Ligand code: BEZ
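A single chain, nothing else alongside it, follows as structure tokens in the form predicted alone.
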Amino acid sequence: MSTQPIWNPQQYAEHARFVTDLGAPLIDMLAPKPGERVLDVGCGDGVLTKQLLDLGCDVVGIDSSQAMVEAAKALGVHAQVIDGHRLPFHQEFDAVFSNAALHWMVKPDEALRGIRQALRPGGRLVAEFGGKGNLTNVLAGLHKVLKTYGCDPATIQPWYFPTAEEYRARLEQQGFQVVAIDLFPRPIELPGDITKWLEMFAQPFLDLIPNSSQAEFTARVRETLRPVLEAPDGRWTVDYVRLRCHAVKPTVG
């Protein structure tokens, strides 16, 4: 079972802006040139997409969330509601950019196939998303508490966190030439405790719990994670691990 969260752009801006802030170096890796046509896969509320637009690119943002697409449009971004597994484009883009989105696409070969199809020959993919080891402590806490509610954590798999070797193989199987790929830890200090993070990002797990018990469930997960993720000074840090890749669609083949 896999479900997608319902995104709230205002809540995201208030409690998860670190996601887009940390994606800024990815734009440097993309090295966009004015006039290039760029597809942002999983554009969210369009903050990074707007940066590409401001750099002179012809940008299209796609996201599965209508609310996020509307937020991106409010920034002047050309955005559309499209499932990242079903990209409809054919050799239209010089580059595909994606930050913190591909781990939500649990059928990676379908996503990569659509990305390759969207790129012109010689086009490039630059992406960063959750990799192997991402959220290990958070998942352990969620699973532990879910079991006390009689729920089977194995029925929920909302994310795809590959190793660098696995994802390199998938890229190559889809016909990409891998320029660079790296898996690295990136612990993230949260603006508050983990409650808002759970409400936003762990919705697929919360959906297993009756609405009347979800606040209690979240509080119990928070207390389970407190000894692991909360520092003595009260700051909370989530155990993120990111995979960053740069790949190119060959000019022939």
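Heads up: residue numbers just count along the shown sequence, starting at 1. Only a predicted model underlies this, so the values are computations on that prediction, with no experimental measurement involved.
Just so it is clear, the following notes concern the form predicted together with the named molecule, a form of the same protein that is not shown.
Proximity of residue 217 to the named molecule in the predicted complex falls outside the 4.5 Å heavy atom cutoff. Interface residue remark: residue 123 is not counted as part of the site for the named molecule in the predicted complex, having no heavy atom within 4.5 Å.
Although the partner is absent from this view, residue 240 contacts the named molecule in the predicted complex, with a non-hydrogen atom inside 4.5 angstroms. At a distance threshold of 4.5 angstroms between non-hydrogen atoms, residue 174 is out of contact with the named molecule in the predicted complex. When the named molecule is considered in the predicted complex, only one residue from 135, 105, 146, 156 comes within 4.5 Å through any heavy atom, namely 135. Listed stretches are 193 to 201, 65 to 73, 29 to 37, 48 to 56; the contact stretch with the named molecule in the predicted complex is 193 to 201, by a heavy atom cutoff of 4.5 Å.
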